[in-house]
Each structure stands twice: as structure tokens, then as C-alpha cells.
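Only one chain comes next, encoded as C-alpha cells, the form predicted alone.
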């Protein structure tokens, strides 16, 4: 193992190290003997002024040197030192390595504790001394924002943006605004605040309206999108720095209405609301002279907001003494504020809720609808005649979402919404920087949540565009233009739309998220991810100590497995295999087949690849890329006479340290079986 550049090691010591079996004095003497290294033993409990003086006296070479801080639980016990290094001494964050020595404690043999600590420091030093500075620079961006949609979330986003000084192009497919209030009858007029919001969006001079528009092409990336819009009058290209997508949902018949023909006694929820809103028709149905009725609401289990609409209408029938009202549903979903109380109140007023395993069969007997269903309580077929049947409706995403997602380079979400079901993108983020989704673009939700998401989207746009000047990390992903042959593999695979080209590939620094999928897939090795370079990974594998067994090299996605690893270190009485070597990766998609094979050539007994769960990868398919490479590497190992069981792939969540430990110990057990065979 070699230390590439000068390294300053700060050993934050305390009695807890000695209590765990690690002599910090001997550890300091050993670290002082490393080439190109100096060491400062520092008590993190000293006053801040004294800590600052000692650090400034020790770190006399300026802010560009590499500093390794080793401590027990450093983010907690040495947080004052970290703050001083970053905020007062202004060490480049890429040049500050923070090493938790917890993994070196707890072994029964003090010699094992020391060897493990040595290995952890060598590993961190090999990576850190090969780190390169990543600085941010300001880039000019277009401050204009495209807001797509006519929902109240879209209107609020547009008004808030122009109030903050951003010009807005608001495009929508219809001829005029027709926003919904989810959960409310369509006939319910919006309140004063919503009317004022609509008026502002229609009349503000900084909002350019583009009704009856359609997005037909999108080029560029964050800060400089070229959007081709088609309207009834023209096709035009608009340049915007960011986009907020909030197209309104629409109502469509639910499952119960799929096989039914129109009938005067079978109404949709919308038709019933129209009748109740018309005085004469409502009087015929609910007035003093109206006949007694047995009314059945069918369905209303697609979403809590659909149930709320049904309950609002049902209450009007319940106000009559001679009305019998039923709700036939598979599942009364009440997962919105106060809805459970509303359902209980309706039940106490006479609403009969019948929960069924499936939708009942509906037929006409004479002029009256009749339900036939299996009653799970009575365990027999039941038949029920009604005077009026109300079919529920479901909130569905805008019809053009799928096509627009493809045009925008977004991973399609479930049921036709824009955002994928990925916790790392919540609440408004997509896989492409500069494109946010809010409210009805993301899913079925109440108006309060949709408006709150509009606020979050506006905040994300403001953070990105910064009024025409955006900060971007310079050189996070580097292309060797001499090696690039313009095969466009990187362009096709980039999950964030960050790669374009002239006569060679170009990475948009504002759009790039440094996942490394492009680097691992480049057939000519023309792309490197700064501070996760091939040179650093190889140098880390050179630190494997033959005295520490079993030698397990673990490639850990920093978004999941790396967090789970550190969570495991905080668990009591946890001892990892002595030869466990953790390597942090920006994404599992960065892991190259060469890394897996070279780990064995450098003496690894086993290799563990840990990534995010399916559909929870920040780069969407980085975990799948990693799995494909592991499977290919297993085939190559078997062809070379190496037991492929020594290479294991697992997925786990960031908050699952026990799953992490189970994966490590599973591989350790397999290695014992392989050794015994």
C-alpha cells in the first residue's frame, strides 16, 4: 500500500478507546511511522478555542492538504473538531476523511484490535491521499421556468415563482384552467383564496400562458432546457432553466361501472352531484314529497378522497328519515385527516357499511337494480334490491403523462403518474435535476398536500437556478476525450440526462449526480468519477492484510449499505470478521467487473456487493447494473476454477443494519463451507 500525497492524521483519543481494547498511544506511534504522514493526538473534550489553536498550529500547510480524522463515533464525539476543520480552517470536504474506529474495538485479542485499526487507517489513507479537489463554480442558467399543468398546485407554483422574480411559462392542454379540489364534489365552488390564486395566474404580467399546448420535444439539461411546444396556432421552441410538472387529474368511472349500461337508477358520483346541485332536481330527490328510497353507494374504495366524496353525498340522503343508505365496499380507506371520524359519524346517522371480499354483481329486476354478493359474515349468498345505485369514480392521472415522461427522460411512475415509487425522490424530486413534480403529477392527494408540494418544488427550483447563476461541482465526472470514441453508451445509460456530445461526450456538471453508471459501462474506460476512481479502488484493495481473515472485500452503495454499515457499528456487541474491508461506492452501478475480479487477485477470500432494494435506487437501475455484473463475474470465476459462491450480491435499506450484518455473516459462513470442501 502506498500513500500518494502528504497526509495529516488527527487521532481524537479518549478513555473509550482503551476501554475497547485499543491502545491509542501505540496506535499514534504506529501512525506516525507511515510514509508522508504526520499525526496529532487531540482530546476532543478540550475547549473550542484550544482545539482551534492546536489544529491551526498543526495544519500549517494551508487548506489543500489531506486530513484524516480517526475517532470513536467521530460525528458525535469529535463533531467540534469536524466543525473547526470545515468552517474555520476551511479544509476542502473532499480532503477530509472521517474514520470511525468502532470496528476495531471489541475483539478479544488486543493485538487483533490494533491490526484492525491499522488496516482501517491504511484503507482510509489510500483513498484520501488520491482524492482530488472538487470545487464549485457558478454557471449561467436560464431563470425562466416552465410550469406544466392547470391544477391548483401548478397555479400556486407559477404565482410563487413570479413573486420571487422568476418569469414563468405556464402551459396546459386544455383551453382554460379547470383545477379540481380532490375529495370535494365537482359542483363545489372554490374558496376565495383559490379564486384569487386563479386570478393571479391568469393576469400576472410575468406569467405567459400557453393553453391547448402539447410538449413534443425536449433537449438540453438542467439550467438550459429547450422545449418544443405545439399549440393550435404554432410550434415554438422555448428555453427554460427548470420545469415543474403538475398536470391535473381527471375522474373516470371505477371498476364497478366497467360492465354497466347507462340507466336512470344507476348514476355516477358526478351525475349525482350535478343533481344535488340543481335545486329542482334535488327537490325531486330529497324534498318533502320525495318517495322513500333505498340508496346504495358502490365502491368508493379506490382512494380515501373518493370515499370522502361518497360520504358527502350520502349525508344528504341520511338527513331524510325515510331513506336507507348503504355503502358496499371492499375496503373503506380512511387514510386522510378526519375521514375516519366522518365515516363513524355517518354510521351513527344510519349509514350501513357492508364490507365485501369482491364487488357484487349488479343486475336489473324490472326497473330496480339488484345486488348479488357473498356475505362473509353470514357465509351465504345474499340479494339486495335498491332504488338508486351510485357508482364511484377514481382519480386518474393526466392522459399524456406516459408520453411526456418518455420525452423528458423521466422514469415512469406507477399507475401513470410521473414520479417513481422511490423514497429517495420524495417529495418532488425526479431522476433529472431541474425537473420537479408536484401534487397531481405525483399521485392522488388532498389539496393541502398538493399546495405544500408546490412550495417544495418552487424551493427546489430556486435552489437550482439562483436567479440566473447556479452553483455546480466542477469535474466530478471527468471524460478523457482522447479515449472517448463517441459510442454514446454513457448518453444512453445516464439515468439523470447529464450526457450530451459534440465530437466527444460532454457531461453537464449541473445535471450530473456522480452516480458512476457511465464510468463503469464505458467500454474504453474514458470516464472517471473523481474521488471514486479506478486508481483509488485498486489502491484500497492493496491494503488487504493477510493476517486478517477471512478477507472479505465489501463494495457498499453510499446511499444504503454504507449507512447500514455505520448503523451496525453503533449496535452493541457487534464484531465484524477481522478481515472485513468496506469500500464506499457512489452507487452500486459504479461497481465494475474489474473491481470484482481484482479483489480476488489481491487476495480476497470473498467479495460482497451491497446495493439498494429494487425500485429504491437513487439512480433507478444502478442496483440492477450491479447485479448483472456480479452474475457475469460469477460466470468468469467459475470458468477460471474459482468457486462462484465466494461472490455475493444482496440488497438492503439504509436503516437496516441487521440486514447488513446478516449479509456479512452469511458470506463468512459460505467461505467456511468453501474452505472445508
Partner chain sequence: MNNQTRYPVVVLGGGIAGIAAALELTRLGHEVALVEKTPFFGGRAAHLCCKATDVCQKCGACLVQERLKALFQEPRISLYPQTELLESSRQNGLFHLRLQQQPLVINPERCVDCGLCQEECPAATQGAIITTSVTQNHPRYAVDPAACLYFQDGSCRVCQQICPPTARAIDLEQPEKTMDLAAEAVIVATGYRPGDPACRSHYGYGRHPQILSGVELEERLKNGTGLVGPDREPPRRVAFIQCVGSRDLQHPYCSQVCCGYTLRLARLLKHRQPEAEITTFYMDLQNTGRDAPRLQAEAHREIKVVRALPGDLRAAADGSLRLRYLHEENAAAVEAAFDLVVLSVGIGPGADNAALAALLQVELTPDGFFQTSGRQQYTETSQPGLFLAGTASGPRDIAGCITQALAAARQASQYVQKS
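Since this is a predicted model, take the numbers as computed values, not measurements. Numbering follows the first chain given and starts at 1. Think of the rigid core as the biggest set of C-alphas that the two forms share within 1.5 Å after superposition.
There is another form of the same protein, the form predicted together with its partner chain; it is not shown, and what comes next is about it.
K.L.:
At 4.5 Å between heavy atoms, only one of the stretches 130 to 138, 326 to 334, 477 to 485, 218 to 226 reaches its partner chain in the model of the complex; which one is it?
P.N.:
That would be 326 to 334.
K.L.:
Only one of 210, 456, 493, 285 comes within 4.5 Å of its partner chain in the model of the complex by heavy atoms, so just point that one out.
P.N.:
Spelling it out, the residue with a heavy atom inside the cut-off is 456.
K.L.:
Quick check on this chain: which one of 370, 598, 303, 250 has a heavy atom within 4.5 Å of its partner chain in the model of the complex?
P.N.:
None of the other options qualify; the answer is 303.
K.L.:
Would 5, 531 and 594 all count as contacting its partner chain in the model of the complex, using a 4.5 Å heavy atom cut-off?
P.N.:
Not one of the three qualifies.
K.L.:
Even though the partner isn't displayed, in the model of the complex is residue 156 close enough to its partner chain, meaning a heavy atom within 4.5 Å?
P.N.:
Yes - in the model of the complex, heavy atoms of residue 156 and its partner chain come within 4.5 Å of each other.
K.L.:
Look up in the model of the complex whether residue 43 has a non-hydrogen atom within 4.5 angstroms of its partner chain, and give yes or no.
P.N.:
Output for residue 43 is yes: heavy atoms within 4.5 Å of its partner chain.
K.L.:
Is the gap between residue 160 and its partner chain in the model of the complex 4.5 Å or less for some heavy atom pair?
P.N.:
Yes, residue 160 is a contact residue.
K.L.:
Could you confirm whether residue 551 comes within 4.5 Å of its partner chain in the model of the complex, counting heavy atoms only?
P.N.:
Outside the cut-off, so no.
K.L.:
Within 479 to 513, which residues come within 4.5 Å of its partner chain in the model of the complex, counting heavy atoms only?
P.N.:
Residues within 4.5 Å: none.
K.L.:
My question is whether residue 308 is one of the residues whose C-alpha shifts by 2 Å or more between the shown form and the other one, given a fit on the rigid core.
P.N.:
Passes the 2 Å threshold, so yes.
K.L.:
Would residue 511 count as moving between the shown form and the other one, using a Cα shift of 2 angstroms or more after superposing the core as the test?
P.N.:
Stays below the 2 Å threshold, so no.
K.L.:
Relative to the superposed rigid core, does residue 381 relocate between the shown form and the other one - that is, does its Cα move 2 Å or more?
P.N.:
Comparing forms between the shown form and the other one, the residue 381 CA shifts at least 2 Å.
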